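Form predicted alone, single chain, as C-alpha cells, below.
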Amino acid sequence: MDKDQEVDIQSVIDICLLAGRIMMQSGAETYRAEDTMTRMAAAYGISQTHSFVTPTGIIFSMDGVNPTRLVRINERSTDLEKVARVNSISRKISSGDISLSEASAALKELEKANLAFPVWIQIIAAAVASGCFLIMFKGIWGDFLPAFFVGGIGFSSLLLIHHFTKVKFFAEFSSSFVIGLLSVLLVSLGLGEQLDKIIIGSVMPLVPGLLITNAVRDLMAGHFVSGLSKGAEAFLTAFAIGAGVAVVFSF
C-alpha cells in the first residue's frame, strides 16, 4: 500500500467515525448510524468494514488494513435535523456528487453548527404542549392555562439546572419537583382544579419519548447492548420524573 492510499483510507475512517458520532449525539438509532458508516466506506471502495455502535462509543475497523479505531460519545441530545443532514451527505457520497475532502468539510461544519431552536421557542413549545397534553388526557379547559405556565416553568428549570450542573437526571428530578410544587400551589390557591391532570400534562415535555422509541427499535433490530442501554437511560429518566413529583406529595 503506498502512502497516498493510506492517507485516503485514514480520511475515510475519519469521516465515517465523524458521521457516526454526529448521528449518535443527535439521537439517531444505532442501526442507522452503522448502516450510514458502512455505506460511506463502501462508496469509497472499502467494503470490508465492521462497526460496533453503542450510545457511549463507536468502534470501527477495516479488515487487515488499519488498527481498530474508537471514539467516545460524551453528550447526547435530540437533533433530528443533524441526523437528516448526515443522511443527505451520505447519499451524496454514495452517488458520487461530492469528493472526500468536501464531505469531510461538510461534516465538520455540521458538527459545529447549532441547529436547535432558540431557547425561548423551546420553552413556549413546551408550555403549549403541556396544555394540549392536559386536554388530550381529558382535562378541563379551565386547567389549560395552569398547565401552560407550570409546563413552561418546569421546562425552563430543566434547561437552567442542566446548564449549571451538567447532570441530566438531577435536572429532570429537580424540574419535576418544581412542576409538582407549582401544581399543588395553583390548585390550593384556586387557580387550578384537576391536580393530577395538570401534573401529567406538565411533565410530558420531560418524558423521553424518542429514547424509548429508539430503544425498542434497536432491540427489534438485534442491537441488544444499545437497546438495553437506551432502555436503562429512559427508565432512569422516568424514575427521576416520578421521584420529583412524589417528593412533593410526601410532605
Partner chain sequence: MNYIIEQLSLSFIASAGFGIIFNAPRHSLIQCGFVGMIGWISYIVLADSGVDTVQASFVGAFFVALIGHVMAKRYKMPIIIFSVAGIIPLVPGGLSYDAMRHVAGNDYMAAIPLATKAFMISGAIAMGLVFAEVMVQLVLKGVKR
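As the structure is a computational prediction, the values presented were derived from the model and not from experiment. Positions refer to the first chain, counted from 1.
The same protein has a further form, the form predicted in complex with the partner chain, not shown here; the description that follows concerns it.
Of 160-168, 95-103, 68-76, 112-120, which is the one stretch near the partner chain in the predicted bound form, taking non-hydrogen atoms within 4.5 angstroms as near?
Looking at the partner contacts, the answer comes out as 112-120.
State the residue from Val128, Ile153, Leu181, Leu145 whose non-hydrogen atoms include one within 4.5 Å of the partner chain in the predicted bound form.
In short, Val128.
Which of these residues, Leu185, Ile212, Ala42, Met62, gets a heavy atom within 4.5 Å of the partner chain in the predicted bound form?
Only one listed residue qualifies here, and that residue is Ile212.
Considering only heavy atoms, tell me if Pro55 and the partner chain come within 4.5 Å of each other in the predicted bound form.
Residue-level check for Pro55: no, no contact with the partner chain.
Counting only non-hydrogen atoms and a 4.5 angstroms cut-off, does Phe149 reach the partner chain in the predicted bound form?
No, Phe149 is distant from the partner.
Report yes if any heavy atom of Phe177 sits within 4.5 Å of a heavy atom of the partner chain in the predicted bound form; otherwise report no.
Phe177 lies outside the contact set for the partner chain.
Residue-level contact is defined here as any heavy atom of the residue lying within 4.5 Å of the partner chain in the predicted bound form; does Arg32 satisfy this criterion?
Yes, contact at 4.5 Å.
What are the residues of 134-159, in order along the chain, with a heavy atom within 4.5 Å of the partner chain in the predicted bound form?
Stretch hits, in order: Ile135, Met136, Phe137, Lys138, Trp141, Phe155.
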